[in-house]
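Given as structure tokens, the chain that follows is alone and in the form predicted alone.
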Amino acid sequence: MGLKNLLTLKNLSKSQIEKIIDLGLEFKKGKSYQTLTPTFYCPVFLEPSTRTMLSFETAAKKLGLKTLNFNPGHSSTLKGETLYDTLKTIESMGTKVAVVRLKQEGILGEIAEQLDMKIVNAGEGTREHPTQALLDAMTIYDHFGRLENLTVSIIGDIKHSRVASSFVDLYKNFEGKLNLFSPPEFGEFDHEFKNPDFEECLKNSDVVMLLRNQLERHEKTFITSEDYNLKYGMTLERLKQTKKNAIIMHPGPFNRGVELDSEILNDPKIKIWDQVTNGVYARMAVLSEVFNG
């Protein structure tokens, strides 16, 4: 049994998450996939994206889907058309799945209930990014051979990160330790997995997940890029302090000289490009499960 939609990871079971990750890894290892019955898929990206948009497009093409090209700059959303009406229009043209990315929060679930077309959440506000969490989990599993009994520390602009939020939803299903470190310069932060000890998160973690400083979501600058790199950036010296078999991740886009330095990008511990690669296969798995749901 596949998925009706993929809007959040909050209601997915451990076995459903593992099934998607396993399928993604099978695709990556060369599993031959049955081309889905030729049908239309439409990416509706109302917020800028490179990795997510292109990996979904690549995944859809690998699965044999026909892609409708939606350009928000040339769409009726500029004329005041609601998201529901846009998606209903796309559905009425015979599209079976829409992949949607938007800045607003908490509206995709309500809209999806009113449509027969399947919906995949490609990023919603600051709370949901389920496919990013799945590809991150796939990357971790690909390296360690497991998701259980690992310490994962997420470092950076946590309050504005849908990547962090969705990964927490996913990792709650597994036996492991989560640390969330948000620089005090970003203000008060309270969370069940909060860890205010940056050095502990850095030195005692199997996985260190860095986050982009989302300045566009801040009302003012709390810390300069230079100071952030000095205090919290992944420099060569800090990389040497991590565990021997630790991996460093970042969902992208990353800012060189802020969250991490250019000189470490080719270090074996850095898994940023693996995440990009795994994004295609994880999203192939998601689309397959949704189409079969």
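Residue indices: 1-based, along the sequence shown. Predicted model, so just to flag it, every value in this text is computed and none were measured.
What comes next is about the form predicted together with ligand CP, which is not displayed.
Mapping the unseen interface onto this chain, R101 counts among the residues with a heavy atom inside 4.5 Å of ligand CP in the predicted complex. The closest non-hydrogen atom of T52 lies within 4.5 Å of ligand CP in the predicted complex.
Ligand CP in the predicted complex is approached by G252, whose closest heavy atom lies within 4.5 angstroms of it. The closest heavy atom approach of G64 to ligand CP in the predicted complex falls outside 4.5 Å. Partner contacts here mean any heavy atom within 4.5 Å of ligand CP in the predicted complex, and among 225 to 233, 241 to 249, 41 to 49, 255 to 263 they occur only in 41 to 49. Taking ligand CP as it sits in the predicted complex, the stretch 114 to 132 comes within 4.5 angstroms of it through a non-hydrogen atom at H129, Q132.
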